[in-house]
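Listed next as structure tokens is one chain, alone, in the form predicted on its own.
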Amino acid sequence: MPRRLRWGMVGGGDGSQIGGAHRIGARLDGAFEFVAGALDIDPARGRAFAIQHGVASERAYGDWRRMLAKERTLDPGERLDLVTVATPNSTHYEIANAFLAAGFNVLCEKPLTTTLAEGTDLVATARAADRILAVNYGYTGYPMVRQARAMAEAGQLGRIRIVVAEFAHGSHADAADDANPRIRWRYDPDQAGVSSVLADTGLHALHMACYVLGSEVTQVSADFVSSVAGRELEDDALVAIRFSDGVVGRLWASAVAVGQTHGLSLRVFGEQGGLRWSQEEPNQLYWTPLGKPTRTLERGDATLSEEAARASRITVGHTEGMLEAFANIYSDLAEAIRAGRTSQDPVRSSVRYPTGEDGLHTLAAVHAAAQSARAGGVWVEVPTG
């Protein structure tokens, strides 16, 4: 068995909403070992938390700059194979760019950056350094999302006509919560960029639509609403989408949809059938062939695609969820890193991780949607390719 790859993390410390999922996902399949980190804006707290999670004291850093300065000097046998950036949105560019330029592979939390200029430069840095830049659209790691993609790719739905994507929850519906700094920053343009809920949760739904369809967004028309008084950025967004292959899209993202716990779902309608998937029931994909009853496709079933089978770990009837989906992103990256070192092509079904180019494209779509919303919903072109 190949050695475990060495993994480091910036951000994602104690109290982080996403840090724990990364730590579990990265190590779930035994591909990565957690060996270095700068996990908190408070140096002492970050070092203590890293040591608590098994990181040696000399590689538990007070800040990311010290981490980079030390890690870049290590011998190849000790050097990090992958760095995850799980810090606030406005810091993604500086941190990810520095690690890429120093020769490290990077998995960046979404959104890739807050500006298009920074996103474009980050992708260019990764290409110049010949390093992997991935974006954590972790929900694409679910086996049944990969099954949906495989079915669309194989033409089972025929020509796809319409896709409807949603990520609408009610977690920010209480105006009193705006005093909470973990919520307040999301509506601050200086920290969140041009968009709040669309760039936060809606971005996942947007990327999932692109991922399953294998298409890019060409035009958007958007309506943004700030339902809670005082918020500078939107807490509800409705976006009409035109895709590169003629597919029509509808996207709803909200943080004020009281009664919805999480709210990520995707529906795809083609000439020969339709698919329906919900992240709150992730092990089932509902498939309706034209003129026939709806079938429930179960995760782990032996008849599923190679992509879905590879993304499953336990037998049919048992549940897998978000942690396993994150683990699939890390498993993909491990396969790609190892293949790159041996100059071999990775197994095609394993390299399904979202790339920096994916992150840049969805970021461009969000910026176009923000422009459209400011202009009263006019159609705005999104650069593709």
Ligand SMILES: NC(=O)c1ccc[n+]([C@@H]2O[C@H](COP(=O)([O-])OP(=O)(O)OC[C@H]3O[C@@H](n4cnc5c(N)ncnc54)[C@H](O)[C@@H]3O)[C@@H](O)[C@H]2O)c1
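Start at 1 with the first residue shown and count on from there. Quick caveat: nothing in here was measured; it's all calculated off a predicted structure.
The next section is about a form of this same protein that is not shown, the form predicted in complex with this ligand.
For the chain shown alone, G170 is not a contact residue for this ligand in the predicted bound form, no non-hydrogen atom being within 4.5 angstroms. Although the partner is absent from this view, Y353 stays clear of this ligand in the predicted bound form, with no non-hydrogen atom inside 4.5 angstroms. With a 4.5 Å cutoff on heavy atoms, E324 does not count as touching this ligand in the predicted bound form; it lies far away.
When this ligand is considered in the predicted bound form, I24 lies well away from it, no heavy atom lying within 4.5 Å. Three-residue candidate spot A148, G202 and W277; no residue lies within 4.5 angstroms of this ligand in the predicted bound form by any non-hydrogen atom.
Proximity to this ligand in the predicted bound form, taken as a non-hydrogen atom within 4.5 angstroms, holds for one residue of A69, I337, I41, A48, which is I41.
Of the listed positions (A126, A209, A86, I241), a single one reaches within 4.5 angstroms of this ligand by any non-hydrogen atom in the predicted bound form, namely A86. Segments offered: 295-303, 248-256, 86-94, 229-237. Contacting this ligand in the predicted bound form at heavy atom distances within 4.5 Å is 86-94. Contacts to this ligand in the predicted bound form (heavy atom within 4.5 Å) from stretch 122-145: N136, Y139.
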